[in-house]
Structures are given as structure tokens and as C-alpha cells.
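Only one chain is given next, in C-alpha cells, and it is the form predicted alone.
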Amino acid sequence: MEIGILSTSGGKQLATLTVDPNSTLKELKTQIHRLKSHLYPDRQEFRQEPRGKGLDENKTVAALGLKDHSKLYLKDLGPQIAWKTVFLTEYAGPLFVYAWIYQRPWLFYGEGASNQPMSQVAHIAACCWVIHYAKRILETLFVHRFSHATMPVRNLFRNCAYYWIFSAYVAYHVNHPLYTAPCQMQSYIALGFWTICELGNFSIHWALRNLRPPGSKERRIPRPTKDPLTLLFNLVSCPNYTYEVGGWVAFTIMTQCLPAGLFAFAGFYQMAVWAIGKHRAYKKDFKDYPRGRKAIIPFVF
């Protein structure tokens, strides 16, 4: 049977493929790549309508109800880059930017700033910042399993700008010679809460890793493991985001720094958007999904 492939932009005919009813969309992507070398599989997205939802590449032609001379629309997603590469780049930046500004270079503070005394909180904050992003890099290398192999290259610049600029903004204020630290009691309590959130975030990531078999895109309902820090799964769909936000709130209280608070708020807003999307997807995909769970904030949101 023959399937016509049209562009989502203007409906231009791109190709006519001879396929078997049991062929998957992934196999169709391979055929298109042979015809148009710049359209490698990760750059392609099939749709049944020009502005419709992207189709699962593992579905067969027959499962989609396509017949001889049916049409599929193809969206060119643009140049792609591996998710792992994006994560490593956007996380390495904040680590090195903060560590550099922590040394009080003359470029930011002028000559002699590095010789002035620095508060203990500034030292602790630098350690926390470096540990957090080192943890993210190690998780990217050894823990995370990505459901999608790539993302558009343009997102790399946006993501890096967000992380790198905020890192410089926070580091400049916390490491400034005129920075005034809060009382030790406040900082130590916040440090303890930050530590719990970091451990909790890792515990959730490890549980999610074990939820998906290697090399598969299988989806299951996340549930608590024997690790007590994963009990948050009973209350929210995305406890990794809950712990992440908690960690940055703790960092803000520990440093009592407004830029850190702005970074925490910006992160919460974006993670709340992601959490809502994942929460809705879980409820849609699993009829027996726990009804009492919220998206990111227990009992509230």
C-alpha cells in the first residue's frame, strides 16, 4: 500500500512511501531519511492533521487506521541535539560560573576584593551550589533514562542562558564583600532542610530510573520504594520537583538573598507547569491512578 507524506507547512507533498500495514512509523521515518538525508529520524514527527498531536513512532500503519493512498503529515522539528548533551552543558555552566565568582575576581568586584573576609554562610552556600550541580551532572551520566533521545538545538541556548545568567546573578550577591549573612541558627536549620531535599531528590530519581526498564519507553505508576524519602509519591505525582523546589527555598533562607529567591520562584513556576502536565498524563493513561495525589505541593496543588 502507498502512503502520501505531506509537510505540515503548506501541505507540500514530500514523498510517497510503499509500506506494509504492519510497518511502524519508526520504519517510515527510516524510509524518509533515505529519501531526504537531512531529515534524520529524530528530526521527524508524524501527525494525522497538520496541527494535530504528534504520533507515537511505535504505532503501526494499521493501528492508525491508514489505508491505501492515505496521507500522513510530517513536521520537521529542526536540528536536534541529545538530551544528555543539553543537560551536561546547562549544568556544568552554573557549577563553574559560581565557583569562579566565589573567588571574587577583579572583573566583578575590583582589585583587592579577594583579600577581604568572607562569611561562613558564603562558604557553605558555595559548597551547596557546587554539590547540587555536580549531583545533577552525575545523575545525567549514570541515573537518568530519557524517553526522548533529542531536543531542538535552539533550546540549548535558552536553557543555558537561564541557568548561567541566574548563577552569576546569585553568586555575585552572595559572594559580594558587602554581603550580610543571616544568623547561624537560621543558616544551619536551612542547611539541614537543604540536605534532606537533595537526598530526597536523588531518591526519587533513582526510583524513577528503576521504574523504566533499560531501552524501553514503558510507563508505570510511580510508587514509594523501601526508601522512606520516596513516601512523597503518596502525596504528589512529581516529588522530584517538590524536593527540588524545597532545596532552593532552603538555599534562599540559608543565604537570605533576594536573587536566590527569584531563582527559586522561577524554578518553581517552570516545574509547576511540568508537574501539571505529567499529573494530567498519569491520570489519563492510568485508570487506577491514586486520586489523592496532587501535582507538586502536597494537599494543595
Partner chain sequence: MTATKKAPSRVLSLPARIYLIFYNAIQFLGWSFLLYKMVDFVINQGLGGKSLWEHVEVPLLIFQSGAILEVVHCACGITPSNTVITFAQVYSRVFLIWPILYNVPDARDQIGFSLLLLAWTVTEVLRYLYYVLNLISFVPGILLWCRYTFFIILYPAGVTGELLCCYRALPHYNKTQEFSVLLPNAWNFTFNFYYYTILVMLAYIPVFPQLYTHMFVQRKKILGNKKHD
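Numbering follows the first chain given and starts at 1. Everything quoted here is computed from the prediction, not taken from an experiment.
There is another form of the same protein, the form predicted together with the partner chain; it is not shown, and what comes next is about it.
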| query | finding |
| --- | --- |
| Contact flag, residue 44 vs the partner chain in the predicted complex, heavy atom cut 4.5 Å | no |
| Exercise: residue 237 in contact with the partner chain in the predicted complex, heavy atom 4.5 Å | no |
| Touches the partner chain in the predicted complex: residue 246 (any heavy atom, 4.5 Å) | no |
| Heavy atom of residue 255 within 4.5 Å of the partner chain in the predicted complex | yes |
| Segment assignment from 220-228, 164-172, 197-205, 136-144: heavy atom within 4.5 Å of the partner chain in the predicted complex | 164-172 |
| Candidate from 83, 193, 91, 179 lying within 4.5 Å of the partner chain in the predicted complex - any heavy atom | 179 |
